[in-house]
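In the form predicted on its own, a lone chain appears below as structure tokens.
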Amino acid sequence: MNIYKIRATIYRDLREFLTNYAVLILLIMPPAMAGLYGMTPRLEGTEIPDIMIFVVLGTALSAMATNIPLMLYAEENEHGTLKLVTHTKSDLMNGLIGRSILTLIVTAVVTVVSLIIIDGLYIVSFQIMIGYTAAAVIFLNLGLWTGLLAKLQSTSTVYGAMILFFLGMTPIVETLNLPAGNIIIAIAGLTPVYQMMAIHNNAGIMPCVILTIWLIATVFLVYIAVLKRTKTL
């Protein structure tokens, strides 16, 4: 681990965050959704439904933690710029760590801004913060995994959209009025955002177990992607 290379990656990516229009759109997406949900008519004095808040949280996680590193790595792979700055596995790991640190910080900031806009800060608790942190790392790992393997930006768009709709916005299935035993409900109930909802509803230890399984699985996927990408350096 080289702290100077990690810091250089953070500075380089920060400039990219501020100048890349695609990244800027991703940064705006969660607050914009929070604003739309915040304007939903409701009885005076009542709080916004929890499901809307968790949809916003899931959107922030998938848009920020997953799609930003996915998009940046896919762009670097397509144009060959990753090879110009990465010559060894150590270089790849330093870049990955630096990008991950900045992505998680930006994800946290955008999430807080979105919660303020939607008046959803009341859901914040120590348990939710732990669950959200685990979910953020899970979504980050998904972005790193797919980004390291994606060779084209068009491919990254497909991967990112699938993760956004099938993992980030899964609480929307609650609005479909599906029966309790429906397979869609059962599958959605295993996703990271649903575990945060379960933690918020004091569902016991099982959500933490499921999040731990997700963490182990996604860390393994990133490890495999790093090994495969190292062979092409």
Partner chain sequence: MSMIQVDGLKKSFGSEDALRGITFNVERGEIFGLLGPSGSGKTTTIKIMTGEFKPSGGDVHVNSYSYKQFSKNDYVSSLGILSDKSSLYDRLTVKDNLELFRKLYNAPKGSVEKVLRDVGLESEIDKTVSKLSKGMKQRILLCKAVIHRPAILFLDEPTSALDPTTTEKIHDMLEELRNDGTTILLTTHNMDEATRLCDNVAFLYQGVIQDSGAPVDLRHKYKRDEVHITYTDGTVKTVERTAKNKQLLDNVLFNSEVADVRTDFPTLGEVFKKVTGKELV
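Numbering follows the first chain given and starts at 1. Keep in mind that this is a model prediction, so the values were computed, not measured.
The following text describes the form predicted in complex with the partner chain, which does not appear among the structures shown.
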{"query": "Interface residue in the model of the complex among Ala161, Ile128, Val85, Val112, criterion: non-hydrogen atom within 4.5 angstroms of the partner chain", "finding": "Val85"}
{"query": "Heavy atom contact within 4.5 Å of the partner chain in the model of the complex, the stretch among 129-137, 88-96, 142-150, 101-109", "finding": "88-96"}
{"query": "4.5 Å heavy atom contact, Lys228 to the partner chain in the model of the complex", "finding": "no"}
{"query": "The partner chain contact at Thr157 in the model of the complex, heavy atom, 4.5 Å", "finding": "no"}
{"query": "Any non-hydrogen atom of Phe220 within 4.5 angstroms of the partner chain in the model of the complex", "finding": "no"}
{"query": "Contact set, 131-157 vs the partner chain in the model of the complex - heavy atom within 4.5 angstroms", "finding": "none"}
